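First, one chain by itself: the form predicted on its own, in structure tokens.
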């Protein structure tokens, strides 16, 4: 897909010397282009109304403003943790930002390069972002985007999956409902290895279209989901991947200053199981699992949710045993 000329004009790029334009892949919610200009390289991101998945999944492209606001908030105290936004084109639901050519955490994990120390750094930065927002009434008001969070996370992950699993449907619906009524901190909403660069000084977070004031447990559970699932592709990395999960979890809880960590840890663990299941049976399944692996995740998560596992150590123990059996 070519980048529209009027979008280039709105971002102040059309008059510049454009050497090369490439459309980038990797996401379902936006069109993203890399533009090599005469003196710099920029990335242009435009939110899509219809997401690029098999299921019918619609979301208001005005959510791009939520991402811009999240970037600006984080840059005010962790400037090295987000790219700099250069220009905004609200009428196109788009913005341009600087290109950071750092390794992508997901790509490194898929190569078997697992570093618990980096997972620890992600947790340290994430808990600080959450903590900085917990007493800010203006942030709660600015990011009151329950409609977007429902369209992008609750409905496609929790409710769609609930419809496919009658036995645990009520539990999944309850988890989704609780995410909409719990108001504790600013969630980024898409904390995933595919959205985190391994920067020289810090993790760099991308794609905050789903930023919403709500339950910070979601961000942690969403990220841990991917570390748990990567074991299926890298079974020999089971010990170090599970060490990364434990390190990330404990580091995050050690930085929590807004609520009891026992209750928060239980919420993270329960959401983790639901999101793992949603990544095979929701509207946005991970692309790297085959049907046999999907069935393993499905059976494990349904059983775990039925038995109300709320302790992360037990969940890791049970998951590790499941992987070793297969």
Ligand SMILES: Nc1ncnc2c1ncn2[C@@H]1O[C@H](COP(=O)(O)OP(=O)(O)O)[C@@H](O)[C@H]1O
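Predicted model only: the values in this text are computed from it and were never measured. Residue numbers count along the first chain shown, from 1.
Just so you know, the form predicted in complex with the ligand exists too; it's not on screen, but the next bit is about it.
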query	finding
Of 30, 68, 59, 296, the one that lies within 4.5 Å of the ligand in the model of the complex (heavy atoms)	30
Interface residue in the model of the complex among 168, 154, 104, 242, criterion: non-hydrogen atom within 4.5 angstroms of the ligand	104
4.5 Å heavy atom contact, residue 144 and the ligand in the model of the complex	no
Residue 112 within 4.5 Å of the ligand in the model of the complex, heavy atoms	no
Non-hydrogen atom contact residue 254 with the ligand in the model of the complex at 4.5 angstroms	no
Contact of residue 97 with the ligand in the model of the complex (heavy atom, 4.5 Å)	yes
Candidate site 45, 83 and 194: all three near the ligand in the model of the complex by heavy atom within 4.5 Å	yes
Contact stretch among 296 to 304, 257 to 265, 277 to 285, 37 to 45 - heavy atom within 4.5 Å of the ligand in the model of the complex	37 to 45
Those residues of 197 to 212 which, in the model of the complex, come within 4.5 Å of the ligand by heavy atom	197, 206, 207, 209
